[in-house]
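Only one chain is shown below, in structure tokens, and it's the form predicted alone.
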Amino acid sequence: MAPDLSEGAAWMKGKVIPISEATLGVTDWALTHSDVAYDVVPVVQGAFFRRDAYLDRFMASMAATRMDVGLTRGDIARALHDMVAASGLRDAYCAMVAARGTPLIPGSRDPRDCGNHFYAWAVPYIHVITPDRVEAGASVWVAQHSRRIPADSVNPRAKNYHWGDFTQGLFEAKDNGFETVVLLDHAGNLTEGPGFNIFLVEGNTVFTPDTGVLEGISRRTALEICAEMGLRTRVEPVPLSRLDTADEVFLTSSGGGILPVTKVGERIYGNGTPGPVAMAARKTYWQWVTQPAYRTEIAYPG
């Protein structure tokens, strides 16, 4: 009898297995040093959304972190497809991971001695912020005690597992009754949050930070949507003080698309109601998800 993959599947060493059976060695540097490059592509209504863009970024992240998992881009695409198809999940959060691995020379501290390897996993679609909170407008805390890891320490454009700064920020946010958190850099500029980019709307202009951030695919989609809406887009350093002059704030994430925000710290936007730009952009995002040009259909069994 085929295993039940409805709660999640993993691809490891060429096989698709239940996610509950996926394991990683305790001496793998992916675990002991958070030494991983990864990416996440959403599956919506039975198709990958902008799969090629996510694969492009994953390949670039592996190059930036000097990972070679011994698979081609085509191999990785097939692994993702086969895993999701086997799972039967029509809406999924699908991760591809390059792990540093265990040193092939026992006791070596040289990262060049590690056997890099690839694995993937998929679970039912994950929302960074629950849909009911998005419809009401999410709340975001600006971390007071945790700053974004500097880009010259950990490259934010190579998607990685270094979440120590985000985790501490999330504790702050939750302790203060907020859904999530955004971090500042050491110059006092907005950067990003755990799993999302941030946008500010002022009049006919939309701003999003350019430093200390992952260049999100959902961020790219939002910039394209805003341009199509006739808005000016500016990708540049965004000081914390710009929150005081913004008309709207929204987030972008593979886990939910475009997410309106009504409260940042003590500042309330739109009298606590999601703003018109964010809501229009959100509607367009979910329309784009259904467009064939952005979809890679999954051939499910049967």
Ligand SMILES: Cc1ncc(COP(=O)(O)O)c(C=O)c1O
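One rule holds for the numbers: they count along the sequence shown, beginning at 1. In this text the structure is predicted, and so the values were computed from the model without any measurement.
Below, we refer to the form predicted together with the named molecule, which is not included among the displayed structures.
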| query | finding |
| --- | --- |
| Site check Arg147, Asp185 and Thr211: each within 4.5 Å of the named molecule in the predicted complex by heavy atom | no |
| Interface stretch in the predicted complex with the named molecule - options 268-276, 27-35, 238-246, 54-62, non-hydrogen atom within 4.5 Å | 54-62 |
| The single option of Phe166, Tyr119, Tyr125, Phe178 touching the named molecule in the predicted complex, heavy atom within 4.5 Å | Phe166 |
| The named molecule contact at Phe196 in the predicted complex, heavy atom, 4.5 Å | yes |
| Close approach of Ser218 to the named molecule in the predicted complex, 4.5 Å, heavy atom | yes |
| Residue contact check: Lys159 to the named molecule in the predicted complex, 4.5 Å heavy atom | yes |
| Exercise: Thr262 in contact with the named molecule in the predicted complex, heavy atom 4.5 Å | no |
| Residues of stretch 19-34 in contact with the named molecule in the predicted complex (4.5 Å, non-hydrogen atom) | none |
